[in-house]
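Next up: a single chain in structure tokens, the form predicted alone.
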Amino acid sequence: MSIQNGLSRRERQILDILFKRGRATAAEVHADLPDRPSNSAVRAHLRTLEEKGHVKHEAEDLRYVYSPAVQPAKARKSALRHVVETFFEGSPANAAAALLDSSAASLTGDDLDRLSALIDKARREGR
């Protein structure tokens, strides 16, 4: 399931909030949204996200607490795949090059070592 496909801008904003917080009530989501819609609109979006399988809820102290239905690692992969396909012609190398070009100055030695190890591993595995 691609987490980005089929979601409105507002639904993506709500999911972003839930991923950052881990879990939140509708009121907490509402407080974090830019250009806040009404409380009832937030609740409607949460219901829609739940129907689409992106969000789940638990009843807690007479209120619903929402959380992402997808693990963050899976959502990250899906979102990254979407960005690579949409903006980098499906090329992970182009995406990595763009990231390195824009943030090379802020990479630490540990960051560079980790990237080098990942590249070496990919070479060994024949990717």
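Please read all numbers here as calculations on a predicted model, not as lab measurements. The numbering used is simple: start at 1 and walk along the sequence shown.
Although not depicted, the form predicted together with a further copy of the same chain is the subject of the following passage.
- Of the candidate stretches 53 to 61, 23 to 31, 38 to 46, 81 to 89, only 81 to 89 has residues whose heavy atoms lie within 4.5 Å of a further copy of the same chain in the predicted bound form.
- For Asn94, a non-hydrogen atom is located within 4.5 Å of a further copy of the same chain in the predicted bound form, even though that partner is not displayed.
- Proximity of Val65 to a further copy of the same chain in the predicted bound form falls outside the 4.5 Å heavy atom cutoff.
- With a 4.5 Å cutoff on heavy atoms, Ala69 does not count as touching a further copy of the same chain in the predicted bound form; it lies far away.
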